[in-house]
Structure formats: structure tokens, C-alpha cells
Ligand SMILES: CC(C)(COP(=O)(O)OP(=O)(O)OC[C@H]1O[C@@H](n2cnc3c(N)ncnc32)[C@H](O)[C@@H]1OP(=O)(O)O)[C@@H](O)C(=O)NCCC(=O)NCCS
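One chain comes next, on its own, written out as C-alpha cells in the form predicted alone.
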């Protein structure tokens, strides 16, 4: 397991977007725009960054509705991958989910994204179904789900 003791977890703000956008562009075929991020973080205060040495190395965008969390984006800077950053973000999310008595977490992931699917499987996510042609390029998305457990603390 990677040492993540030097990482900090903070709410994603407009000040972070200059670091977030390049990570977004290198991570996704259909990246969010600056305007999309700005609008989202104004409406929802449920997105976070992982920081190392005062710079963003990864981020997590979620939407919370009633007792459900929907993970919309998880991305890590290309030079920080395989160093535990995504796990740090998910661990931090589940700590908050328990504290806020959330029940379920859902996400969609590209069918071809083997590394993300493996990460989610390690966290106990199970495949619920497929959203056909979910992405702009026509690729299907796997819908995944996991219950929030008290042991996530």
C-alpha cells in the first residue's frame, strides 16, 4: 500500500481549478469545461481535492441526494497514479459518508477502464447494469453500487 500520509483532503474550490483542469483533460475523453466545474462547485459543496506540497494531485466530484452519493469524477495527475491518491480520495469520501449517515454510493465507469473497475471492485462496488452508449463516443458505461458501512470509518 502506498504511503499517503503527506496528502491532505480539502473541499474543491475555484482556486483549485487551474490545477484540476489539466488533470481532467488528460484523464477523460470528454472532459468537463471550466464553466461546468465552476457551476457545479457553486451548486454542490461535495467535491474534494487531494493535495501534496500545496498542489492538487487528484480530485473527486460527487453529488449527494437524500442518503445517496453519486460519484461523477475521480481523477489523478498522471505522475501521481499508482501512489494511493485515488484510494485516499475514496477513503476520505467513505469517512464523510458514514459521518453523514449516507446509505449508498453509485457511479458509472467506462466499460474499457480496467484500472478504475479494479479499484472500485477492491472497494466493494458491484456491477448493477450497463448504460448503453452512455458516453459521447458511444461506449457503454457500467453502473456500479456499494452500500456505505459503519466499518468504513
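Positions refer to the first chain, counted from 1. From a predicted model like this one, the values you see are computed outputs, not experimental measurements.
Keep in mind that the form predicted together with the named molecule is missing from the display, and what follows is about it.
Taking the partner from the other structure, the named molecule in the predicted bound form has no heavy atom within 4.5 Å of any heavy atom of residue 51.
Residue 108 belongs to the set of residues with a heavy atom inside 4.5 Å of the named molecule in the predicted bound form. Taking the partner from the other structure, the named molecule in the predicted bound form has no heavy atom within 4.5 Å of any heavy atom of residue 56. At a distance threshold of 4.5 angstroms between non-hydrogen atoms, residue 42 is out of contact with the named molecule in the predicted bound form. Per the 4.5 Å heavy atom criterion, the named molecule in the predicted bound form is contacted by stretch 24-32, the sole one of 124-132, 93-101, 24-32, 62-70. Residues 108, 109, 113, 115, 116, 118, 119, 120, 122 are the members of 96-129 with a non-hydrogen atom no more than 4.5 angstroms from the named molecule in the predicted bound form.
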